[in-house]
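This document opens with one chain alone, in structure tokens, the form predicted alone.
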């Protein structure tokens, strides 16, 4: 029993540590690709690490007093790290026994909700607009993710993320899982806060929106959380909907999952580089159509396709 507990704790720490360490690297590669598409040299791949180090070394300035506002950045990053322990990364999620895809969806939304609350508490009109946009975008994107994951649950006969991964790996591609995976891929663009869905920040419109009053270590933690979240959601996509091939060896399957997640994030970077920002009403209308396709995937799953 003690070995099992130790193994679970060790795998949970491994998942969280990998996400913390690799998220800035993935962000650096995405920035470099974006620069190349725009015919620029761009920053070095290590630049996100340098940005974090610089911000963490600055003075912690706050526009709103109180403990709740002070701990918001840490809670946001913590929520993403908890999410990493609920997502398969080369094997069943280490804390999968503590929560199924319903809990996974709640934790996914928690980081966005915490950023919204921070924006509203900062008392900046730009931050308030950014927080309001974040809320509307969350309400449009979360149903897409929910239906996509429920489609996998219907096919696997279980709400466990690990069971969905193993069922899909054993049974191969199906129409319903392909459509659901594509819907989740489209939702990832907004989850990552990338063009054309970087509406809550919109630097040219609302001066950074949600994060306009954040600086120093607070901004570093928020940025780190966003980079980590895009990596975790990409891993969720590839592990549940594209889990092939499986070798049964954790190091090999983990490296393969990370490579596939990086390919997905590069696709996200390409879309970010070639698209203009949408208005919030256009984004909501777009995700309403994506939600319809995810419902079609669920219907296919119910009839066994």
Partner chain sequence: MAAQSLLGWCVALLGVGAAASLIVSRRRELAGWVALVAVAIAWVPLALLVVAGFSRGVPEFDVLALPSLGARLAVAVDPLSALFLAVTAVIALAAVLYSVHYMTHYRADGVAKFYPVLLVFFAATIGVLVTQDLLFFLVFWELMTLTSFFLVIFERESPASQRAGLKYFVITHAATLCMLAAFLLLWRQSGSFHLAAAREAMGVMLVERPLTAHLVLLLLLIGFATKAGVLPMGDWLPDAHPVAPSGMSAVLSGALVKLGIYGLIRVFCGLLPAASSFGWGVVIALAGTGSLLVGALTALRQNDSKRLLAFSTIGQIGYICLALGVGVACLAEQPALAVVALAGALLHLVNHACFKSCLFMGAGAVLFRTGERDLDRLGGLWHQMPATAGSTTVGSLALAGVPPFNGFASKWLIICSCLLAGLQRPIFMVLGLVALFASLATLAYVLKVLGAVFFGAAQRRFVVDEVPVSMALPQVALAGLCVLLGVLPQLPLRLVSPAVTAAVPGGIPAAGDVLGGLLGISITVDGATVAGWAPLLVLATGIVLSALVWGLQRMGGATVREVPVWNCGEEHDSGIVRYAASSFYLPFKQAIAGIYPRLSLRAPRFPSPVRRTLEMDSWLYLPVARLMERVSHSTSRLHVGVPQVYLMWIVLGAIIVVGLVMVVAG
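Everything numeric in this text was worked out from a predicted model, so none of it was measured. Residue numbers count along the first chain shown, from 1.
A second form of this protein, the form predicted together with the partner chain, is not displayed here; the remarks below concern that form.
Contact between residue 91 and the partner chain in the model of the complex is not found at the 4.5 Å heavy atom cutoff.
For residue 175, no non-hydrogen atom is located within 4.5 Å of the partner chain in the model of the complex, even though that partner is not displayed. In the model of the complex, at least one heavy atom of residue 74 sits within 4.5 Å of a heavy atom of the partner chain. A residue is said to contact a partner when one of its heavy atoms sits within 4.5 Å of a partner heavy atom; residue 120 meets this definition for the partner chain in the model of the complex.
Among the residues 233, 154, 190, 179, the one placing a heavy atom within 4.5 Å of the partner chain in the model of the complex is 154.
Just one of 147, 226, 183, 165 comes within 4.5 Å of the partner chain in the model of the complex, counting any heavy atom, and that one is 147.
Residues of 125-156 placing a heavy atom within 4.5 Å of the partner chain in the model of the complex, in sequence order: 125, 126, 128, 129, 132, 135, 136, 138, 139, 142, 143, 146, 147, 150, 153, 154.
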